[in-house]
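Next up is one chain by itself, shown in structure tokens, the form predicted on its own.
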């Protein structure tokens, strides 16, 4: 099965970690989970704060590659320190997902993520763009795994077909 590896006791070992800074981020992060699940890519979702649980976050990130994680999606709102804190502790690709906030609608988060210092990159998707974060994680994995590449190609073809069918339906 694409993107699935056997871990301990026959469980599927996750390839993508999705980390949120707060439990309030989870509804947005679950959209990334849904895309990865649709593509058959094993993933895990955890909540660890760069500010409130820094030691646990560092430990989780430092152990991620050894557990088979290959890409990390880090979603955060407000100061949005989480993606940078994650990127600082790993060599794995990190995708920043700005979470919409009440006051600045996530613009503050977006700007924090795209202003990472030289040498600590964080790829960043749109504010609330969890689906694209999941898809970008899949595309990164697709470079190495042909079965994931095939699923990404099929996903894009299905997307194109749906748009064209909707267009044809609106001309009637």
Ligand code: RP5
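Everything numeric in this text was worked out from a predicted model, so none of it was measured. Residue numbers count along the first chain shown, from 1.
There is another form of the same protein, the form predicted together with the ligand; it is not shown, and what comes next is about it.
> Check each of 67, 144, 105, 52 and return the one that places a heavy atom within 4.5 angstroms of the ligand in the model of the complex.
Answer to the contact question: 52.
> Going by a heavy atom distance of 4.5 Å, is residue 77 a contact of the ligand in the model of the complex?
So residue 77 counts as contacting the ligand.
> Is there a non-hydrogen atom of residue 22 within 4.5 angstroms of a non-hydrogen atom of the ligand in the model of the complex?
Yes, residue 22 sits close enough to the ligand in the model of the complex that at least one of its heavy atoms falls within 4.5 Å.
> Among the candidate stretches 118-126, 58-66, 134-142, 23-31, which one is within 4.5 Å of the ligand in the model of the complex when only heavy atoms are counted?
It is the stretch 23-31.
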